[in-house]
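A lone chain, given as structure tokens: the form predicted alone.
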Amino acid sequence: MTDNAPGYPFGDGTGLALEPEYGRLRAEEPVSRVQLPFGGRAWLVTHHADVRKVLTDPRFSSRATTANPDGPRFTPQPLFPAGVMSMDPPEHTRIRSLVSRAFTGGRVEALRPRIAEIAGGLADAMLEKGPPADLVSMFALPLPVTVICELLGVPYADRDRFRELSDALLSTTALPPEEIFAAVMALNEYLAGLIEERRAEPRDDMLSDLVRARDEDDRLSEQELVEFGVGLLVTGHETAATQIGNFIYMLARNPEQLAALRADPALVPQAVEELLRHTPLGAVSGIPRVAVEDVELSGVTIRAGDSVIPSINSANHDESVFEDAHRLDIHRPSNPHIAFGHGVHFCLGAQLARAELQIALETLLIRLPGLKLATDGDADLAWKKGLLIRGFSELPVTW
């Protein structure tokens, strides 16, 4: 282990090839010091087993990251203490339990016909327009946005407003700190306005359920209510929207895998799991934790108070766990990826995201046979920049 801390993240968040530094670190220095963009140094953890340990061991705390607002982080703004990603049990368990039943396997299965209906309507619109088309604006974005709007009870007509604010919330370098802070406040005010509407006129939606939990059962504070609503709205559409475009790109750049999927659409669920493993969603690849006790990882002692970055991207490419980890293989028989995280912070909406991604691929493969990128090279593709996630702002396709 050395203390020559390179800057992290290793790339600018464009491109879907995992940066080679991760492979070198897994082989030579699986627990290494890195310099984060804001707040100083942290330990970067790159082995699958070590990442899982950081995500499950209570000695690595999410709450402790909020104790020092100047601590190591990726964004100009520190995490908010009332946000669910900043909590440890039992507070985290209390908040998460309020909506967990809405995302169970059974509830998500009941939503599949509606998701398929939305996806079919979007494919119809693409077919009516004719090629070429922007997959992001015409399909990848409106599918999960419509779903989360209907679940939460957020007006779909407001999508442009909260989309712009969501991107600001995920900004690392795309916007100056004062604009990011203003966007965070605006998004909180927007959700607070919807909450007041539900107080006056409850409806059959998740936001009304959360308001009842606040007003009738006193199960969360007003600040927790607002920030939890913001978190559900942002994460409830951003990940799936980005990965739909990423997955189509990945399949187009791996034509043998795309051909196998077209020949056997029953492989779609398995393909989605492999695409989740193989495709790095985060421009950065883990939310910081802070050690509350001394902990040893791969022979390195993490001292109490040290910040740790569990690299999910690297863990999903760990050669000791995944044979030919660098290769996309939709026939991969074993796939213990951790794309949705692990432990208490395992993604609440993982089952919903899986359903959306599966239905998106099925719909596009069946309804738009011959779907392919409308450009042969990557030079003209429009990437998101300066955000916590990596993907396309536009993705031109034809069929």
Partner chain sequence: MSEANWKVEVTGACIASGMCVGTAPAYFELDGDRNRSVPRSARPAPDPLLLSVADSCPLEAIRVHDAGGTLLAPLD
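Residue numbers count along the first chain shown, from 1. Just so you know, these numbers come straight off a predicted model, no measurement behind them.
Form predicted in complex with the partner chain: not shown, discussed below.
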Report whether all of 13, 270 and 276 sit within 4.5 Å of the partner chain in the predicted bound form, measuring from non-hydrogen atoms. no
Checking 52, 26, 33, 332 against the partner chain in the predicted bound form, the residue with a non-hydrogen atom inside 4.5 angstroms turns out to be 52
Exactly one of 137, 77, 221, 100 comes within 4.5 Å of the partner chain in the predicted bound form through a heavy atom, and that residue is 100
Examine residue 130 and determine whether its closest non-hydrogen atom to the partner chain in the predicted bound form is within 4.5 angstroms. no
Review point. With the partner left out of view, is residue 301 within 4.5 angstroms of the partner chain in the predicted bound form by any non-hydrogen atom?
Key: no
### Query
Given that the partner is absent here, does residue 67 sit within 4.5 Å of the partner chain in the predicted bound form, heavy atoms only?
no
Consider residue 38 of the chain shown here, and say whether it contacts the partner chain in the predicted bound form, taking contact as heavy atoms within 4.5 Å. no
Assert contact_stretch over 310 to 318, 100 to 108, 248 to 256, 200 to 208 against the partner chain in the predicted bound form, heavy atom within 4.5 Å, equals 100 to 108
Those residues of 346 to 380 with a non-hydrogen atom no more than 4.5 Å from the partner chain in the predicted bound form are 346, 351, 354
